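First structure 1, then structure 2: two forms of the same chain, each alone, as structure tokens.
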Structure 1
Amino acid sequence: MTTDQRKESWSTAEEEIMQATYRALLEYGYAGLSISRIADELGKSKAAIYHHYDTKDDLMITFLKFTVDRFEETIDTETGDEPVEDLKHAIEELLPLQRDEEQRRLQMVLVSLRSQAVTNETFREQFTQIDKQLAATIRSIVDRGIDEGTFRDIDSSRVAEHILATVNGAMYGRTTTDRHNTAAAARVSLVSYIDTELKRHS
């Protein structure tokens, strides 16, 4: 998942501010996030933050991009020569059966940020881009399967949106409810769907 240009080098100070923002967001939520609390997490004064960022909005936009980059780095969409396996691999990446603590926290942060997309244009653009990217990746795998003759001649766009909606919805449910094993159930059904509905009937 190395596509568009991203900020390659964060200065040490900036990186530490991002990490502190990350921790503060997890502890207090987006609504409870303040420069004071970020500064406390950082172990420095508020002025130390304002030296690097003009306004709180400026900081949050930078943090949004920082988090989106982190997310994209964790998604490995390598492709092999078996479309079915590639699809399953993509789903495993986006919706792992077991999430470690770091994955869990990243998704909590992403859900918190994504909700801001409801009323904030800049945030909406970022998540539009992410979903566009993911849908295109899934679609290209399905298209390859159709070309190869492994898959039936289905509408790859529709199937890609279906898969994306399911993994996003399962992830969403996982981080906003206590129904923790339901994501795995949804995934099993989704993979079974790929096996029987997409594969050419033999």
Structure 2
Amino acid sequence: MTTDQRKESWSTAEEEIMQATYRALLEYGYAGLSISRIADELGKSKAAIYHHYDTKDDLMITFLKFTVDRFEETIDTETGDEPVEDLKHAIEELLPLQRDEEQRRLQMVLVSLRSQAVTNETFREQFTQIDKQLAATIRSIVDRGIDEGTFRDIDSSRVAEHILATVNGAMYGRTTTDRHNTAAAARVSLVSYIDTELKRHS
């Protein structure tokens, strides 16, 4: 399933509710989130939300899909003719050294929601899907590099999982701690991995 196939079509009303949920979640956190607070952010009654969603859980499941769509837009990896540069570009998109405010807040929301996947099976399914998609994107670049002779004949699935695990760890670390060099260190490590372990040297 491609990223475009996964994207939802959002009505104006849904977009407004999702944006209100996003603002409320940033202000109150998942534990303090309620339909009333989302309605306050929306500037409408709770009935306007219940018209679209039966319960808070239904709303949050939809919100996670909405957030995943937004996240995927921020990592749009435009591939070219150079697998090495394409792979480095993907890592740069996933781990920008300087996040703008939108990227920072979006990653805060994703990390907050990912923690709920420990006990929420639906959330777990959604995060499983996004990780699979990210791994598939990385794997396709590595496979192309192997076919073209740029990369050594290596297990692309193992490479993808290694890169994804490093990215996820760095993203979690920079969002939940004050260790501001986490992303930079992870990127240096991954670039070194690409240059020394993946690239075919004559």
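Since this is a predicted model, take the numbers as computed values, not measurements. Every residue number counts along structure 1's sequence, beginning with 1. The term rigid core refers to the most C-alpha atoms you can superpose between the two forms while keeping them within 1.5 Å.
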Return 1 or 2 according to which structure is the form predicted in complex with the DNA.
-> 1
Exceeds or equals 2 Å, Cα of Tyr172 between structure 1 and structure 2, core fit = no
Core-superposed comparison between structure 1 and structure 2, Gly43 Cα displacement 2 Å or beyond = yes
Would the C-alpha of Arg144 be classed as shifted by 2 Å or more between structure 1 and structure 2 after rigid-core alignment?
-> no
Core-aligned, what's the Cα displacement of His52 between structure 1 and structure 2 in Å?
-> 2.9
